[in-house]
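Next up, structure tokens for two forms of one chain, structure 1 and then structure 2.
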Structure 1
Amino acid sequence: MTFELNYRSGKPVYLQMVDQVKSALASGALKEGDSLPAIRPLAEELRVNRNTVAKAYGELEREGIIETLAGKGCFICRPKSPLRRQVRVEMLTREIDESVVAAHHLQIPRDAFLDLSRDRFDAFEKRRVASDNKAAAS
């Protein structure tokens, strides 16, 4: 799993990590039994304090998303209550809210924001299809 952190977002780094694990789980990129990177090497890679990574992992464990096995690492556990559609929608809603606030601050009109969103979604779909086609050809 690769984490992408935005230090300017105003959102704590550990919560960004928690959200990214949840998103990966909801999308199927992470599955039961998958391991997460070890705390120390991940902290070094991300250039954050080990306690930040430990706090993210602690939150994920508290929520029942991962389990820590002494000497072995942290693993995605069988979801007690899988990330239902409602949870995924709530996660996306938070992201959209942040974009709407940014658009407001940048004085982007509503219609221009919606057009840009549609264009970005279409561009993503084109990249995904091209990537799928490339993988199928290999």
Structure 2
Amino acid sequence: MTFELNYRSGKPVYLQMVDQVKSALASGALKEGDSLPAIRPLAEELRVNRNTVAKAYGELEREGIIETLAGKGCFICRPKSPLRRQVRVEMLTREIDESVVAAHHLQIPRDAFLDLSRDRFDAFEKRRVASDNKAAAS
């Protein structure tokens, strides 16, 4: 797992890290049982405050995406959400709303937006299959 931070994105640094882990999970680059880098070497490599990395990992843990095993590090959990379905739907709705607003600003009409959404699902699916094949081959 490699992180890339962008100080021009306007997004808090710890959230960029959280989102990149989620995205790696969705594309299959990270799987259940995989470990995340330890805080100190990762903070040094990225040259970010250790508190920022700790905050990102704390948020991932709170969302039930990783778990910390004392003395061993942080690992990706079995996909389970501690939240009820309705809460999860509400969380996703907020994210979708943001994209809908962005689409409006970027003058992307509804149908093109929906087509693009389908394409993105396919793209992630493809990456996941590719990464599964690679894992099976090795």
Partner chain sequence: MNPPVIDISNLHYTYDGQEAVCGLNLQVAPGRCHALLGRNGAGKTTTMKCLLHLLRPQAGTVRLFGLDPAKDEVAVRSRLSYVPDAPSFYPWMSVRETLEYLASFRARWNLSRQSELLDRFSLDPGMKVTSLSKGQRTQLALIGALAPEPDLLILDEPTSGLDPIVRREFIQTVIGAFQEGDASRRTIFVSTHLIGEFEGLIDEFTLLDQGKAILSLDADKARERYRRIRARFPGSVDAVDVPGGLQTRRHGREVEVIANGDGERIIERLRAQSPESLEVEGLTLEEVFMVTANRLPKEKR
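Only the largest set of C-alpha atoms that superpose within 1.5 Å between the two forms is called the rigid core. Structure 1 provides the reference sequence; residues are numbered from 1 along it. Bear in mind that the values here come from a model prediction, so they are computed numbers and not experimental data.
- Working note: structure 1 is the copy from the form predicted alone; the remaining copy is not.
- After superposing the rigid core, the Cα of residue 68 is displaced by less than 2 Å between structures 1 and 2.
- Relative to the superposed core, residue 6 shifts its CA atom by less than 2 Å between structures 1 and 2.
- The Cα position of residue 125 changes by 13.6 Å between structures 1 and 2 once both are aligned on the rigid core.
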